[in-house]
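One chain follows as structure tokens, the form predicted on its own.
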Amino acid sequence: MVFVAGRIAAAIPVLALVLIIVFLLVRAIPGDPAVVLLGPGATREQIAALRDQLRLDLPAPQQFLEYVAALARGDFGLSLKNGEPVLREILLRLPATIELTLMAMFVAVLVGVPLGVICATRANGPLDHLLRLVSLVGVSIPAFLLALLLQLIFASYLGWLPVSGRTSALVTEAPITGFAVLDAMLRGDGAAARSALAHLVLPCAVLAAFLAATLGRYVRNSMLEILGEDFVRTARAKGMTRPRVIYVHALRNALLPAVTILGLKSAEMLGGAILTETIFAWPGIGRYMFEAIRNRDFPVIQGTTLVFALIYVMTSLAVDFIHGALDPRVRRKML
């Protein structure tokens, strides 16, 4: 409990620093939000009146103190563009981003870990070289290019998958949990579930590609190091089968650094979600943030960035707990 309390306490100044930096950076973005909202034909009087209404004419320190005071009350402010509460809009879109990110993480682990194990157990063989080349391509290819290629091939040419969106336009039922696949399953609607899964495939593949390739490379390197350790040679000398040595003894220890990479890279996927959600018209907070940046919507930018930072901190804490589950030495420090 002391360990958990210490990590939570350490996260508070990190979030505070993120809040200050984002507050300053969004105000350094070129362009006046009032001009963006009113359009180029607005008069000076109209712009001044809107700036006064939105309290943009106040000194930056006063704006910051008012914003922090509102945050303490759980108020993320109102969107400058449509006047909607930012927190409510984020909560409406958050399930879409979480659904996409979790599915991408699942696919990345499902592909990356076996890829790393196969490469390590067949080191420097033809299959190892081929899989390493594939992982290198996965790490190197830009996300936007991969997204456009997948849309072009599987949506435009082959017509197998939808090009954008989250569900079919025919699915009109109100959401239950906000997770499209889960909602369709709870309603017993097989067609809606298949539609939601089909819409997930392409954006999930884009997000999972980099993480799967990175995870595979780390698992391979860790496995090669672990397979040369004394305890592995001892296990082989005792007559243990090759699969038991690899998957029970070696892989368990090789996963420790991989878990750290998985946690850090999965948090970075949230940044990739901004681009991916925009390209695939996915209604998550990444796309919401992109539109806010384009519209100079300060409260939305600050709110979404704070949520991203909070998720990153929570992911880091979850990685520590997983480390404790895999490594008794870490677990003893946590008690």
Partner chain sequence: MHGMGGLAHFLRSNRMASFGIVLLGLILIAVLVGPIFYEVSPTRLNILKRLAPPGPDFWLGTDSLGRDVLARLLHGGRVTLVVGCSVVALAFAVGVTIGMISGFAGGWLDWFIMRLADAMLSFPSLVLAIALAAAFGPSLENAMLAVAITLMPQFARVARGQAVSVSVKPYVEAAVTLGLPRGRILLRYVFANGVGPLLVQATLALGAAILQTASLGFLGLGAQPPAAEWGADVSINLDFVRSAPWVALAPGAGILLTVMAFNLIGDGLAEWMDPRRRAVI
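Residue numbers count along the first chain shown, from 1. Computed from a predicted model, the values in this text were never measured in an experiment. Throughout, rigid core stands for the largest set of C-alpha atoms superposing within 1.5 Å between the two forms.
Omitted from view is the form predicted in complex with the partner chain, to which the following refers.
Considering the partner chain in the model of the complex, the lone stretch of 100-108, 68-76, 254-262, 116-124 in range is 116-124 [heavy atom distance within 4.5 Å].
Taking non-hydrogen atoms only, Gln63 never approaches the partner chain to within 4.5 angstroms in the model of the complex. Although the partner is absent here, Tyr247 sits far enough away that none of its heavy atoms falls within 4.5 Å of the partner chain in the model of the complex. Interface residue remark: Ala209 is not counted as part of the site for the partner chain in the model of the complex, having no heavy atom within 4.5 Å. At the 4.5 Å threshold, heavy atoms of Phe179 stay clear of the partner chain in the model of the complex, well away from it.
When contacts are defined as a non-hydrogen atom within 4.5 Å, all of Ile21, Ile141 and Phe290 contact the partner chain in the model of the complex. Shown here without the partner chain, the chain has Ala123, Asn124, His129, Arg132, Leu133, Leu136, Val137 in 122-137 lying with a heavy atom within 4.5 Å of that partner in the model of the complex.
Positional change of Leu19 between this form and the one not shown reaches 2 Å or more at the C-alpha, relative to the superposed core. Once the rigid core is used as the reference frame, the Cα position of Tyr67 differs between this form and the one not shown by 2 Å or more.
The Cα position of Arg236 differs by 2 Å or more between this form and the one not shown after fitting on the rigid core. Annotation: Pro30/Arg287 CA-CA distance longer in the model of the complex than in the displayed model, change of at least 3 Å. Inter-residue distance, Pro30 to Ala143 (Cα): increased by at least 3 Å in the model of the complex versus the depicted form.
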